[in-house]
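Next up: just one chain, as structure tokens, the form predicted alone.
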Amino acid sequence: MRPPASGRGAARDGYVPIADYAAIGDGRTVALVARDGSVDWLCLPDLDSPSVFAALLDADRGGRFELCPDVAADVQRRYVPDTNVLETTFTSALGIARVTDAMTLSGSGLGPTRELVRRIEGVAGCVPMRWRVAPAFGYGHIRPRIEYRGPVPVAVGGAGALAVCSWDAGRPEVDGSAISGRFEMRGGDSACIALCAAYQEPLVFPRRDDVERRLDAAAAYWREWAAQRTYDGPWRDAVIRSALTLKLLFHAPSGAIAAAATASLPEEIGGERNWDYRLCWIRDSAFTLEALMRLGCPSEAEAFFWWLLHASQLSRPKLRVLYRLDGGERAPERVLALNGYRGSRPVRVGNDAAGQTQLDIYGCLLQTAAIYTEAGGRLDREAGRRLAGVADLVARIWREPDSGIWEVRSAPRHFTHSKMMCWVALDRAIRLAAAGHLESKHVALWRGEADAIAHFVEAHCWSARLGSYTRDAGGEGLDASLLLGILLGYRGPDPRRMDATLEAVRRELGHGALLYRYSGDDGLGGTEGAFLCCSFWLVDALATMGRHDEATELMAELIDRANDVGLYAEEIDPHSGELLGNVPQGLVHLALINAAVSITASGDR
């Protein structure tokens, strides 16, 4: 049973709304904290490891860490300004208590320790509190064994161990495979609970003063990092929140960035569109590097770019659609025996999209290299040789069908966006060669094939009836990814065609400020919500086309669609406003950042 704290969203069948989650993390993994004070998601030791808390995917067996008043209470929460430290205030008839949640950082964030700290403070009156740590290792499949090591209860499961250290939070009690406590929080008092995790490492039992010092140090680290960001335009708070969210999704040891913090949160409640996003997509690379450069994150940009080149060399010149956070290629998809968020099954981890053919990723890689070099980055001879090999590959394979940017599970087809991105790949290769970063011996070939791609798109991917480019060659569907043609400078012989496509996308896929991804089949049953990154792409496209006022108005509407702490999931139900899909989703926050910067630039023109 979930705790009695009340808030904006009501729990259904043991599950809170996806919008009720906030994220905290340490550069290795991310925990999701529900509005009612329950930590319902945490994978250890890394973000893509099996979970120890997964109540958001199975309320009965997934495991969680509850901490809340033992009486009904209203909830207000926020991030401590410019940090990834969460502050939740419970107001009951008996008094007010505040919980501060963070994952602490060890030096550079690369230490072996994983530490989740929850500090409880009495603000007024006397509030009865209760807590319960019920871990379930291995995605809920390993029932923990509880043992005492001295005075500290430790949950052990497989190669993992979790020490539950508490101070002034009541006497810990062991109940089966859970550890719990009760205490009263009076005004001016404080208590603390720390979960210290180890995986094939010796556990460390910290002192309270060290734990709280690390909590305060984590807040100071985030504030300092946020203060170094260079964006100072409209929607500064939303942009900085997005930057801090992306920082949570970065895997500090490698420089990779996960698409989202979660797996298998549904795109349709009760549906089958449930995917693991704890992987790094090549599709996101250009947006990532552009946003990092625009925010003034040179070290993160450098790390990500060279991770990208390292990962992609394993399969060169071909690319995988996605890679694990450690750069590995294999991410086999499997189904877990969990009930799923509000019965949304199957619950999948891993992602078979890794083995699909997705032609647009080559344009993303070369666009990323172009952004990197235009910002002053240098390519060594080997990197330049490999990128030229990628361009040669595109020149050979662009005529093949693929699964497209959205990785549909229907038969491959000739997606218009994929063809446009092949054009982008060759265009950027030509530019890189002109700047001396690639050898120029194949430039004539690249230019000829780029012209052939444009001819194909204009001849086969335009519908006179729709007055728009189409989702695929010879089809009559639409796809919001066509907006990226505007953002990435695809140039057909008639620029009015792209203008008309923007209007057709708004008309056919729009629902107010929101956009669905595409029309037509994708090989899956059920439906999905509006795709939030597409709406921010529309804002970006309007700003790029000089339609500043329209872009500004739409941006303001989208900013209001974030949850109470400024986070976005992948999708939103346009009718109910409910957030859907994995959360927080990096591509949405990347698109928000880039749209905000583009609007600022368009206003300056």
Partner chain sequence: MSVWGALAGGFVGTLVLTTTLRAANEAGLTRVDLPFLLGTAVTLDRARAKALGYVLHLAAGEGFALVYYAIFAAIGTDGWLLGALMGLLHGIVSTTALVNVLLPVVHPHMGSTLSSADRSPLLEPPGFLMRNYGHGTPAVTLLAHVAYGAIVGGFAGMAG
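Numbering follows the first chain given and starts at 1. Predicted, not measured: the structure shown is a model, and the values here were computed from it.
The following text describes the form predicted together with the partner chain, which does not appear among the structures shown.
With the partner left out here, the partner chain still marks one of 235-243, 287-295, 325-333, 400-408 in the predicted complex; by a 4.5 Å heavy atom cut-off that stretch is 325-333. Although the partner chain is omitted here, in the predicted complex none of L86, A198 and R214 has a heavy atom within 4.5 Å of it. In the predicted complex, no heavy atom of P574 sits within 4.5 Å of the partner chain. Taking the partner from elsewhere, D360 is found to have every heavy atom lying beyond 4.5 Å of the partner chain in the predicted complex. The closest heavy atom approach of R35 to the partner chain in the predicted complex falls outside 4.5 Å. Q228 falls outside the set of residues with a heavy atom inside 4.5 Å of the partner chain in the predicted complex. Checked against the partner chain in the predicted complex, the residues K247, R208, R413, R273 give one hit for a heavy atom within 4.5 Å, which is K247. Scanning R145, R78, H141, H310 against the partner chain in the predicted complex with a 4.5 Å heavy atom cut-off leaves one residue, H310. Residues of 259-289 placing a heavy atom within 4.5 Å of the partner chain in the predicted complex: none.
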